[in-house]
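Below, in structure tokens: the form predicted on its own, a single chain.
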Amino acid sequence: MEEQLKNINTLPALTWNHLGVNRAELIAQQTGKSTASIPEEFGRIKTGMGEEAADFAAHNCTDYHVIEAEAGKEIIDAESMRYSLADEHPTVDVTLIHAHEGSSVTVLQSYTSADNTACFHGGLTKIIADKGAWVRLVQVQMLNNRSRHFDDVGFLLGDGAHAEIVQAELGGKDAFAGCLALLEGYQSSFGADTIYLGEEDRRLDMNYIARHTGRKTTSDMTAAGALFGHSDKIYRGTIDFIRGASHSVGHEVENTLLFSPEARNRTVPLILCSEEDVDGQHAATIGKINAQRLFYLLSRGLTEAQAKQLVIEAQFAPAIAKVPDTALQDAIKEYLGRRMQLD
């Protein structure tokens, strides 16, 4: 059975409806599995895609993970959850991560398709980073072009905590991602590094929110993408300064390469401010690949597909370098190469 989620990735401050960026809708595939148990301390964490997506994931959970990093401990080997999806097995994973005071943890989640059949994935990840904790969440999605997918993430940061998310949204026919970080603690910090690829008639819908409530907090959100074919992409990046978040700083920037005149790109950078003593900046660049750069690469013996791949990999390099598995880094590059050959 399917369920229509009608109010996901909602923009924190609504704009004109005719622009089509205020919210999104998603048809999700129910699993009939048991409901995940969400402890009270995680229940109050909001997520980027919103309550509808989070509730759907909690009530259709097929895989449930709880990761705890003990106080002062460092988890050097990345915790990893790797899924190979197939049509007959829709996957909805719920992951709860608690990094206790002074701990350090990296978590890797990757999603691929076992074959070329249409499959469904939904993900819900909630993270608590206590005082002085360090957390990195890495999500890599390389599903086939017939699949539907969403990843919904929420962070709660304590004093001096640092958390970051790295998301590679490279596949799927319909791909949705959302992340909300609540910078509640004094001098807490958050980083988001997103890369995305749109091709054929792929639909990409993303919503990132850094909500500053603590003093001297810092957020830095970056996104880089490439659009081909008739793909349709929306990126919402919001920095929200709540009263009391004095001396806080928030930066957000997106760079998009367009390889097709039929591709549709919508970028919504947003700064909300109810506190005076803050520093918020956002920027976006959208354009075609530089013709002289392309000619230079072709003159060095590269094919057009190889040249495009090289340019995209250069733009994606900072995010790919943060993937804590060299084999998966190579798989991402190979995936991009196959996509360029098909273009």
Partner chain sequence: MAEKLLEVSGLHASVEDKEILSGLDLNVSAGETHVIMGPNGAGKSTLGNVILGNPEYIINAGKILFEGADITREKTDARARRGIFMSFQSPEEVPGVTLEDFLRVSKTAVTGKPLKVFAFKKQLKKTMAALNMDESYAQRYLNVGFSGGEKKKAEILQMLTLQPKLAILDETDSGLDVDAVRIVSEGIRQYKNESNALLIITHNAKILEGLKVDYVHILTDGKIVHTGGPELIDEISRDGFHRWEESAAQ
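Keep in mind it's a predicted model, so treat the numbers as computed, not measured. Numbering follows the first chain given and starts at 1.
Keep in mind the form predicted in complex with its partner chain is missing from the figure; the text below concerns it.
- None of the heavy atoms of Thr35 is located within 4.5 Å of its partner chain in the predicted bound form.
- Although the partner is absent here, Ala314 sits close enough that one of its heavy atoms falls within 4.5 Å of its partner chain in the predicted bound form.
- Proximity of Ala283 to its partner chain in the predicted bound form falls outside the 4.5 Å heavy atom cutoff.
- The closest heavy atom approach of Ser274 to its partner chain in the predicted bound form falls outside 4.5 Å.
- In summary, among the residues Ile67, Ala58, Ile45, Leu310, the only one with a non-hydrogen atom within 4.5 Å of its partner chain in the predicted bound form is Leu310.
- Across the options 23-31, 275-283, 37-45, 293-301, residues that bring heavy atoms within 4.5 Å of its partner chain in the predicted bound form belong to 293-301.
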